Ligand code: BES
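One chain is shown next in structure tokens, namely the form predicted alone.
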């Protein structure tokens, strides 16, 4: 997709389609007012006859514009004529791009950045136009013989005046970086498990390192992990013919001695549940169990594109979880890199076994903060649905920063408690802990388990099991929470910390 800033006056513009806003009670946005004057009152006539009420998310496409270089105009309802909430602004953008997927429209100029949005500037609005449009037109065709996509849009320009150009361009740079990171995350998630193996994920990280000099990539093999004592991680991969990988990406653009931000992404490229085999129905979606790892790659791509002045470490423990004669068995006891022993109650609670050793490994970097991202528990969907990411952690300031970043990014998270009382569910008669606390508070007890390996640093955990992909007719990876984490890093870069 080609993104740009368009400063040509609307009266002189030439393109396939211009997007303008209409408020309720037949009130036109500034750009709609200009186009209405240029078209002998065409827009007002459309609105007056009731084709568009102005309700947020409504659209009406005008396909014929007499005596104009503009071939079509898309009217988008904005609701009441007052500053929009961030979510309503996104709703209007989503409605706009979805209306333009099927028509044969290649070039679009979007004027919706002129709308007032509560506590948001032109940079934020421009960034979100790109993120929303890019997300909507993404279509996975890699494993299809027919590569034809639904949308024909090739160029998206954001309308701005010369005085607004600098802020709009800054938003374009951020939006393009986040959008490309999100697309990479979605693409990797949508690939089937027979293509996207731990080795394939490692290869994608190496390719990123070749493309961006600020990224140094290292891949630890199973022998390396055995030497480090990663018994929990390696116990998961024993049932698979695919060798496990611990992928490390080192992004160094901050001050030389500044402590890094460590991102750890669960990279389970397929999860059959192991000996505790999952039901067959829906098991194909377990290719998405590596979306935490894909998120780390997407976020580091975005950081490298934006050249954020930070030090960031990305860690992706990657494996499969398969049933085999050598696989973990319920009742087995494994020893983690930290030396703590774990009784395997459920082999389908394997993600935490990868992550606990990665958390211990993160200590080597003397991190400022550690954030892990994982499709960890089905319980998070029961608790929060598919709307918001589950957040838990041992540091209030870090968790609050992530919550704030989610609000800005329109990629929300919700914090759950991490109280000592929940640790009781992890007691074992035979080891230091069990790997499962049972059905009650499953998301919380999973985080309690991880928290035992994160006691030496500030840590937060994002459970994305309900938000990393969609099921049903629109099945596919969402790319969340690339936008949230990118915003967190942008905030850190701007604060100088």
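This one's a predicted model, so the numbers in the text were calculated from it and none came from an experiment. Positions refer to the first chain, counted from 1.
From this point on, the text means the form predicted together with the ligand, which you will not see here.
Engineer: Though only this chain appears here, would residue 240 touch the ligand in the predicted bound form if you measure heavy atom gaps against 4.5 Å?
Structural biologist: No, residue 240 is distant from the partner.
Engineer: Do residue 62 and the ligand come within 4.5 Å of each other in the predicted bound form, heavy atoms counted?
Structural biologist: No - in the predicted bound form, heavy atoms of residue 62 and the ligand never come within 4.5 Å of each other.
Engineer: Quick check on residue 372: any heavy atom within 4.5 Å of the ligand in the predicted bound form?
Structural biologist: Residue 372: no, not in contact with the ligand in the predicted bound form.
Engineer: Indicate whether residue 271 is a 4.5 Å heavy atom neighbour of the ligand in the predicted bound form.
Structural biologist: Yes - in the predicted bound form, heavy atoms of residue 271 and the ligand come within 4.5 Å of each other.
Engineer: Of 146-154, 283-291, 408-416, 189-197, which is the one stretch near the ligand in the predicted bound form, taking non-hydrogen atoms within 4.5 angstroms as near?
Structural biologist: Among the listed stretches, the partner-contacting one is 283-291.
Engineer: May I ask you to choose, among 465, 450, 43, 433, the residue with a heavy atom within 4.5 Å of the ligand in the predicted bound form?
Structural biologist: Exactly one residue meets the criterion: 465.
Engineer: Taking the ligand in the predicted bound form as the reference, which of 328, 204, 377, 174 has a non-hydrogen atom within 4.5 Å?
Structural biologist: Comparing distances to the ligand in the predicted bound form, the residue within 4.5 Å is 377.
Engineer: Looking at the ligand in the predicted bound form, which residues in 258-281 have at least one heavy atom within 4.5 Å of it?
Structural biologist: Counting only heavy atoms within 4.5 Å of the ligand in the predicted bound form, the contacting residues of 258-281 are 266, 271, 278.
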